[in-house]
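Next come structure tokens for two forms of one protein chain, structure 1 first, structure 2 second.
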Structure 1
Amino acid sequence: MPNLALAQNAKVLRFIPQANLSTLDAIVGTQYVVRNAAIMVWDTLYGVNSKLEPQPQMAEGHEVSDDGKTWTFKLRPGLTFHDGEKVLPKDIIASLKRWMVRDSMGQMIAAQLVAMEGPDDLTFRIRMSKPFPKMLFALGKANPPMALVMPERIASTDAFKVITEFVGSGPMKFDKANWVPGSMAVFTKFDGYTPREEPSDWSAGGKRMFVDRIEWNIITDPATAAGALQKGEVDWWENPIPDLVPLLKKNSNVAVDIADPLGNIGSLRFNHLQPPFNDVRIRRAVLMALSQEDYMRAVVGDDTSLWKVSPSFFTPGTPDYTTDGGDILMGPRKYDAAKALLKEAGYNGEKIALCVATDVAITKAEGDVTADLLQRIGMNVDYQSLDWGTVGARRAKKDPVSQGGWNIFHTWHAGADCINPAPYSALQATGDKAWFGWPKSDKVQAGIDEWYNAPDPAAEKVALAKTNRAAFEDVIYGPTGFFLGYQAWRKNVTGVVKAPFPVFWDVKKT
């Protein structure tokens, strides 16, 4: 009797996302949860498969001129938006323009752009002043912000202003009427969508939908989410916390597997502008004592298949992974040497403003370990317990600590964003214009430039090794380890794959 509601329709997929969905604008907002929703509603010209290769999606194919400056794309016929309008080159041009303002690769394209034009309804052309070999990756990458194609009237919204109309050409429509922010988001199948012929692979291939309706149930309490999955009140949980996985595995109706093979890289972020961490020796002293194992056990737990010590700024398991220069994080931790280095650098008990977002489990665990670490090497820690919204505002302040600035905060980067320098804003070392912390390192920038201009994969690999070594020498930030997350689903759901985002196409429910 109590399960009456569950039996009614098998074609509704109930999903617990990692966080609340408070907007669908994946250009203005770079949160992963927004991207995960947007990727169902909006389609892209190219997609990326599990080998990280760009594949045509809305595009049928492309031609590059001999000088490498002109890209001509043929669109797949029959592409329509949810409101019934045809997808035209003008929509694509407007969408890419909005995206270029916000995306770092998009900005590079914009800087070399001569024109974007649509000679006919199925042809779209980009003319550049210089060759841009990473064009297809830029158009197809699943890292936020993605080059999503929207109708021109929506895409002409300012790139810093949130859109309010959610019409795309993707396989699912967003049901705005039934949206209860903080509790429920509903997507319904778009019957006008024609999937590609090939099998799906991440955001590439045919996006075939086998459910009529996808309901995102926002359940922020992990204990409650676990209960809901155990009882079958939901079908799929994006990020069960590792400690609860043994419990879920005991349930014969629940399947558990790694969610994103590219995982995440934890980050201890220094403020490079303010003392004492404006001194590279002090940053290095922290790395000498930093135990990734401590961080990983605190963040993830005892399940060693879920995390690894990774002395690198890049994602393990990807072709260009390198540990060059990462020795400082390996071997027994050198507390005495770290203390000596602190002394040499003239650290004299100044307070370290450690800003911890205690409402986010991962940053909270990282913060607790860091407080312990800094105390061990004799630093004077001022642990500031804040919420994520406050950390977000605080970290933007370049002022001295006494005037509301900061010394350290924590976050983590999706491994998918750390495969190479293109989507990796946290690695940029351009000083004032860089990501929060404002690291400045000419060596790192030289390595990144070398990668962009690398003619072949071998050269890319060499460039990344150089970048990694430089990033450790100048301590851009402190990587606190590489970790994976689980996903769990009821066994009457099939077709769940490992990917950097939840892939809803090809998922069946019986």
Structure 2
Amino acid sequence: MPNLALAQNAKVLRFIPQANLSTLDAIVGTQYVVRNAAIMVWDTLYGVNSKLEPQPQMAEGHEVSDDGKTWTFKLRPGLTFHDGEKVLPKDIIASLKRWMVRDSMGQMIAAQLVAMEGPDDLTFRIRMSKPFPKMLFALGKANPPMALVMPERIASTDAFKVITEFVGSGPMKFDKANWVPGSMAVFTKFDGYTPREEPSDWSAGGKRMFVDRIEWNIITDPATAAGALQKGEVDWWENPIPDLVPLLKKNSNVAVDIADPLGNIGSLRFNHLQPPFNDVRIRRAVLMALSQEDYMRAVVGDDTSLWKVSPSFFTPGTPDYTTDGGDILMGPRKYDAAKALLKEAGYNGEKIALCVATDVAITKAEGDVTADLLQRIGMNVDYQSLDWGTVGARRAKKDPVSQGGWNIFHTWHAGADCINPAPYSALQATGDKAWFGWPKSDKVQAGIDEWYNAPDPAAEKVALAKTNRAAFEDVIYGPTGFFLGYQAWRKNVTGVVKAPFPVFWDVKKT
């Protein structure tokens, strides 16, 4: 019996995610924690590897017409959903239609779309009015909203309503019966999944599952999480706070490493639709006083190898990184000038609804710094302590603050999503169709369009310099700095890799 118990235990992976899982819908729920769950349950036509290259996933391959307007995809034979139904082009068409409503790249495709067709059970075609060379990035990107493939009956759900049936064709099934929001989420191996033959690499390649069950344990207190990992009550902690890393490193049974070499960009997100941040002068006043160093020391600590000041909306160290226009974040902070600009803009002490997810260490630290910053420049702060699920629902509301809306919330963007505009939903400035905060800037969009149409890497770099400058001029959001994060796991767990999200395939437990 003891050997049987050990064997069973080796087939169960216990994981502490970054936050509570309040939904599984990665179209409506765009939080990373939702994405991290969804990519186990639903597959995509393409995936993106560690070289940031799109690779066939559900697709076997594709052909592009000579004029660049027609994309024809062949599906891998034998793809099935968790309910046993065959994956058909009608399911893909319905899934992409729903995704196109909410995603910035999907919206670009929809604006140029002539038709989507499925001439046979293994062929899917997209016909465009003009070439769209970034198509594979759109279909394979791993930041939400994602082009996840689900059965037609589920994909037909309104894109602004949360799905309630979680049937995909990915390597894991979601155990809805044992889902306790705020406590536990359970995923079980889908025996009908056939991995691709090539090795896995981020969201691409063969997704081979070596555990039968993955249990997400929602533990929001860092000290409790650290204790559970050290005692062997859990196997893997997605984002241990830096203060506890030295303690974890002393435990001979625990491994600690950087989670993602491309890091993260902290984000102070303004609501551009509601006063006072509908006035660009108010947003600029905040940036004039914003100290990225204050944010980074609060989020990561004093180890400067883990963070850097970065006056940019793009990921440091990547080919198109630029600081053009970022002077507003450099040098001594200008508190008096910020106060003067607030006065010029007519700010008169109105309450600022600062929505802070205090159950997530990163957003709690950022929110505390922002509260102090706003008070320093004379703003009236209404600090609202919420959980991450509530912030996720609240930030989608466009109502006035008096009717449940908001002024500021904090989040962060994976560096892999900020290398260029293709996966970068948070940079889009299309107004009502943009990401939460709904910024509108014709200059930013012009720079993004120039990047999409750039004939070579040099032209892409020029386009992104213009985009960065415009994003600071119109203050799309407030970048609070670049930082790396840790992950920690028990040493009897192998196969943990560095990636922008937890990669569960190829992970083994002994």
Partner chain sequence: MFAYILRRIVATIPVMAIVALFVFSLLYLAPGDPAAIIAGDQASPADVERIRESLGLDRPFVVRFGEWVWHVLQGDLGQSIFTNLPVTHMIAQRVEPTLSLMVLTLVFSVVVAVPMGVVAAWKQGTWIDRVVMLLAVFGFSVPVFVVGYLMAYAFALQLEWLPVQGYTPIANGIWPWLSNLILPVLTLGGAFIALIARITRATMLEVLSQDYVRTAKAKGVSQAPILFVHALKNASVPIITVIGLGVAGLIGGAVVTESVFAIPGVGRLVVDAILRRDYPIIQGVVLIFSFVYVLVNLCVDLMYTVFDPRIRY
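Reference numbering: structure 1, starting with residue 1. No experiment lies behind these values; they were computed from the predicted model shown. By rigid core we mean the largest C-alpha set that fits within 1.5 Å across both forms.
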query: Number of the structure representing the form predicted alone; finding: 2
query: Pro311/Glu238 same rigid segment between structure 1 and structure 2; finding: no
query: Rigid hinge motion between structure 1 and structure 2 - rotation in whole degrees; finding: 20
query: Rigid core superposed, the C-alpha shift at Glu344 between structure 1 and structure 2 in Å; finding: 11.2
query: Rigid core superposed, the C-alpha shift at Leu354 between structure 1 and structure 2 in Å; finding: 7.3
